[in-house]
Structure formats: C-alpha cells, structure tokens
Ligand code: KIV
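The chain below stands alone, shown as structure tokens; this is the form predicted alone.
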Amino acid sequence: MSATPRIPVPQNLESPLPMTLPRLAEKKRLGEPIVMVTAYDHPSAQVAETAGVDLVLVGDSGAMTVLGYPSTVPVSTEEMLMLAAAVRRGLRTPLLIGDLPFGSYEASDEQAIATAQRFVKEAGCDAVKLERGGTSVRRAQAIVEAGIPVMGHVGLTPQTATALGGYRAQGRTAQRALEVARDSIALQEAGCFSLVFEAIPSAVAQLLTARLEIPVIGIGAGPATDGQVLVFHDLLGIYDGHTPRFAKRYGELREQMIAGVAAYAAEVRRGAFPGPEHVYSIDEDERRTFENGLIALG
C-alpha cells in the first residue's frame, strides 16, 4: 500500500468561542471563510472539535457512510437522532446542525415542527437542515416560527436526486439556475440562517452568494461561496463507495485502517500478540493457591 503523507496536527489552538448565528452572519459580512464538516459519531465529533471547524452537520449521508444504506432515502428519524446525540456528546464549540431525513418533514408543517423539535430536545442540535425549495420553503418557515433555526439546501438534493435526473450538477442552464435562485431567495425570506449549495456551477454560485444576505456553504459549488463543507468519510478517505469529483481527499485512512487490522491479525496468528507488556501479573503465592484450589475442585 502507498504511504499516506503525514498531515501535521494543529498545535496550540486557541480555545474558540462557541459558534452562534450572529457570529456566523458576521463571518459572511467580514468575508471570513466558514468551515463545515459532517460527523456521525462521538470520535468524529471530537476530531471536528479539536480541528477547530465552525459548523458540524450530522448529515443524512451517514445513511451510506456509517449505516450501509445504498442512498440517504432509507435512513429513519430514530437513526439520525442516535447519530446526532452521539455527535453532540463530542462537541463544545461548533454549531451542531441535524439533517431532517426524507419523509420526516414533507407531509405538513406540524410534522416538520415535531421532527425538528426532536432533533433539538432529544439530540441537542442547535439547528436543523432540510432540502429543496417548493413546499420545503413553507416547512422551513414553520420550523423557524416555532423557534428552531433552519439551514436550507438547494441544487443537488440527494433525497430527491431521482426527480433531478440522478446525482448530477444542477443549474447548468439559465432556466434551472433561475429555479435554484428562486428557491434560495424563498428560503432566505422564510427565515433560514444559511444555505447549502450542492453541485452548482461555480459562476452561478458566485452570483447567488453575492445576492444573498445569509451565509452560503458550498459543496461542489466553487470557491466563491461563504464557506465549504465536505463529508468526513470522503475527505479522510474512509468511505469505500462512490466519491464525487468535488470531494478532495486529505487522507487515506481506510488503507491505514486495513493495514492496522491486518497487522493485528497476523500477530495473533503467529503468537506475537499479546506480548509480555500487554498482560497482567499475579503474585506467585496467589497463583499456587489458585492452582491448588483448581485441583481441589476436581
């Protein structure tokens, strides 16, 4: 296996202040890039915390990266809540956003509010995210009016990728780009504090980001958005499934994980593990007494 370049761990990181919605808005105003990653469990949350990111999304991409589903569609609210609660226990400073899974908010405002409340109350999320414009605009507004911050998501929306023609870039024609623009503006007017632009042409994202008053986080939307997000398992090379072209890898941890487990298995099979340094001792007199006791047991 090829060696993965060693990436230095940041040293002497200042203890950042907890991220808040006003601070996030200020970052857009000042032109300070916003960093968001996904996380799905306690260890990945701790990594995100230590690395000093601004936002952590418990994305429904966890359906594929950690739960083994073929897409984001099958994951349940209960499964997402379990993942989000584990992430919450590993975070202090980043803003935590929970992805509302497919089927958990579309039916009515009441359903959307109830699901969002569960993410806040049961999992400790600071905000929730939902996909698309259209009826999702009304759902977003209802959730915001219920007192829960909402992040919108336009462009390629994986929950409804089939209706969009598959996992492909959106907004590559003027008509479709205008649809994305209308959805974005509507979600902003509904009260969303931020938007995710996924798989949108860079030039379209640049024009829309300048037009919008709320922060735009891009994934496959070019460098002009207010921030970037990548899936944890994509950027670290853990996930073995399809990796989109916009997902830059900053590590190849899956190869290292396989190598580590294979080395462990090899040592066990040849009797090299455990070694003397891995075992516990017992006083010799106690050992003899124990041995005699075993003999007495018959």
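In case it trips you up, residue 1 is the first one in the sequence shown, and so on. Note that this is a predicted model, so its numbers are computed, not measured.
Below: the form predicted in complex with the named molecule, not depicted.
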item: Residues R132, V154 and C192 all lining the named molecule in the predicted complex, heavy atom within 4.5 Å; value: no
item: Which of 259 to 267, 235 to 243, 55 to 63, 24 to 32 sits within 4.5 Å of the named molecule in the predicted complex, heavy atom basis; value: 55 to 63
item: Residue among D126, D183, D226, E198 with a heavy atom within 4.5 Å of the named molecule in the predicted complex; value: E198
item: The unique member of A116, A140, L95, I219 whose heavy atoms fall within 4.5 Å of the named molecule in the predicted complex; value: I219
item: Residue contact check: T38 to the named molecule in the predicted complex, 4.5 Å heavy atom; value: yes
item: Contact set, 76 to 100 vs the named molecule in the predicted complex - heavy atom within 4.5 angstroms; value: D99
